[in-house]
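First structure 1, then structure 2: two forms of the same chain, each alone, as C-alpha cells.
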Structure 1
Amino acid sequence: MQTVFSIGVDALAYGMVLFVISIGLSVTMGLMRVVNLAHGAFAMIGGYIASYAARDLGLAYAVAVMLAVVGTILIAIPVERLLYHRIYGQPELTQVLMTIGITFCVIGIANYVFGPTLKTIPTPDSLREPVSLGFRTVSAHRLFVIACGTAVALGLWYFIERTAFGVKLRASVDNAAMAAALGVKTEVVYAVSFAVAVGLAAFGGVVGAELLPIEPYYALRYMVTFLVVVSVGGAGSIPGALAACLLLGAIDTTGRYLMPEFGEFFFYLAVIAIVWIFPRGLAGRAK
C-alpha cells in the first residue's frame, strides 16, 4: 500500500508539472494555430532565471519564481513581435522550422552564458520538509506542485471561458477578419495570449525543476513530451490537456517504479494506443 500511495502522489505531481508547462503550448497550438516547438525553451529560460536569482543572488524562492515568470515574458515579447508574428497563419512546416531554430539558439546561448551544467533551484525549508497526513507522510514540494497545477487549471479555464478577453481570443481564433472588423485588436490578443503561455511555461519550469531538472538541453529533451501531451489531450482543450497529463503521468510513473528498465516504453505505448482510439485527442475539436 505504501508503494501504491507513493506512486499515486508522484504520478499526480508529475502530471501537474506536465500540465502547467504544456497548457501554454496547448493554447498556442489549439487557439492560436501555432506549432511552437520552442515552448520548452521558455520553460528552460524560466528555470535558469530562477536558479540564478535563488542560488547566486540569494533571493527568496517566491521572488525567484516571480522574476522567472516576468523575466521570461519580457524576453518573449520582442521574440513574439519580431519572429512569431511573421509565422501566424503560415504553413505548419514554416512554423516548425522557425521554432526549432529558436530552440537551438536558446540552447546555444544557455551553454555559452551559464555553461553546460545542471542548474538547481534552492527551495525553502517549508517545501523540503515532509507533511504528515496521519497515515503517511508526503513531500511538501509534491503537494505544492499539485496545488499549483490545480490553481493554473481553474484560473486558465476562467480566463478563457468567463472573461471578456477570453471571448475576444475565441472570436479571433474562429474568424480573425470578422473579429477585427468588430473592433477586436487581434494582434494584441495574440500577443497577450502568447505572453500568458510563455509565463505558464516559465512557472512550470521552476516549480517542476525537481521532477524535470533544468539543464542546457532541457528544451530538446522534453520537446516531444510536451508535444505528445498536447496531441493526446487535444490542442486548445484545458480539460483534455489535464486528463492527458494525469493519465500519461500515472502510466509513466508506474512504469518507472515497477519496471524501470523499460524507460519510457509504457509512456509512448500509451500514447500510441490513445491516439489510435482518439485521433483528435481526448478532447480534440473537429476541424
Structure 2
Amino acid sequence: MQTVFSIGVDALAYGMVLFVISIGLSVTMGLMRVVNLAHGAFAMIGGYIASYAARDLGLAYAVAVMLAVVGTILIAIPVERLLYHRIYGQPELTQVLMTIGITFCVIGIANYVFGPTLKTIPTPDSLREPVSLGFRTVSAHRLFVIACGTAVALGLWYFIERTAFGVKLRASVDNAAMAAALGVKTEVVYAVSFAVAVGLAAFGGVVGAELLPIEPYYALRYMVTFLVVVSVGGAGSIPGALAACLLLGAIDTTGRYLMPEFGEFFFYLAVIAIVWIFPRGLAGRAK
C-alpha cells in the first residue's frame, strides 16, 4: 500500500512537471494554430537566463525566475515580429520547417555562448530539503512544482475563460476576419498570446530543470514529449492538457517502477490508445 502511495506522489510530481513545461505549447498550437517546434528552445532560453542570474550573478531564485520569464519574452518579441508574424495561418509544413530552423539556430547559439556543459539553476535551501510525508520523503522542490502547476492551470483557465481578453482571443481564433470586423485588434491579441505562451515555456524550463537539465540539446531532446502531451490532451484545452499529463505521468511512473526494462513501451502504448479513441485528444474541439 505504501508503495502505491509512493508511486502516486512520484506520478503527480512528474505529471505536473510535464504540464508546466508543455502548457505553453498547447496554447500556441490550440489557440494560435501555430505548430511551434521551437517551444523547447524558448524553455531552454528561460533556463539559461535563470541559471546565469542565480549561479553567476548570485541573485535569489524568485528573482531569477522572474528574469527568465521577462527576458525570454523580450527575446521572443523581435522573433515574433520578424518571423512568427509571417507564418500565422500558413500551412503546417511551413510552420514546422521554420520553427525547427529556429530551434537549430537557438541550439547553435546556446552552444556557442554558454558551452556544451550542463547548467544548473541553484534552488534555495528551503526547496532543496527532503520533506517527510509520513510514509516517505519527497524533495520540497517536487511539492513546489506541483503547486506551480496548479497555479498555472487555474490562472490560465481564468485568463482564457473569464477575462475580456480571453473572449477576444477565443473570438480571434474561431474567426479572425469576423473578430477584426468587430473591432478586435487581432494582431495585438496574437502578440500577447504568443508572449504568454513563451513566458510559460520559460517558466516551465526553469522549474522543470531539476528533472530536465538545461543543456544546448534540451530544445530537441524533449520535443517529442511536449508534442505528445499536447496531442493527447487536445491542443488548446487546459483541462485536457492537465488530464493528459497526470495520466501519462502515472502510466510512465508505474511502468518504470514495475517493468523498467520495457522502457517507454507503456507510455507510447497509452498514447496510441488514447489518440486512437480520441483522435483530437482528450478534450480537443472539432475544427
Partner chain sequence: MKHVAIAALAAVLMGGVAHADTIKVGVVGPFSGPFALQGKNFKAGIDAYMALNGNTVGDDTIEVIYRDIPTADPAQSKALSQELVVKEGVQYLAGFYFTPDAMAATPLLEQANVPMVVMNAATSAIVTKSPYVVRTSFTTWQTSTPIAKVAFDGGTRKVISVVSDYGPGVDAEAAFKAGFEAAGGEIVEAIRMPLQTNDFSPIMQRIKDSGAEGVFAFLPSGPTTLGFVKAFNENGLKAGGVKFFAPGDLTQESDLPALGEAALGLTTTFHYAVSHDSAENKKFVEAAGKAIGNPAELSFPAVGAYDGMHVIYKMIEATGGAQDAAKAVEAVKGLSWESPRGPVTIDAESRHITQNIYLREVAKADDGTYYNKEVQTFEKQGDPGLAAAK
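Computed from a prediction, not measured in an experiment: that's the story for all the values here. Here, a residue number simply tells you its place in the sequence of structure 1, counted from 1. For the two forms, the rigid core is made up of the largest set of C-alpha atoms that agree within 1.5 Å on superposition.
Peer 1: Only one of structures 1 and 2 is the form predicted together with the partner chain; identify it.
Peer 2: Answer is structure 2, the other one does not fit.
Peer 1: With both forms fitted on the core, check whether the Cα of A62 differs by 2 Å or more between structures 1 and 2.
Peer 2: A62 C-alpha, core-superposed: shift of less than 2 Å.
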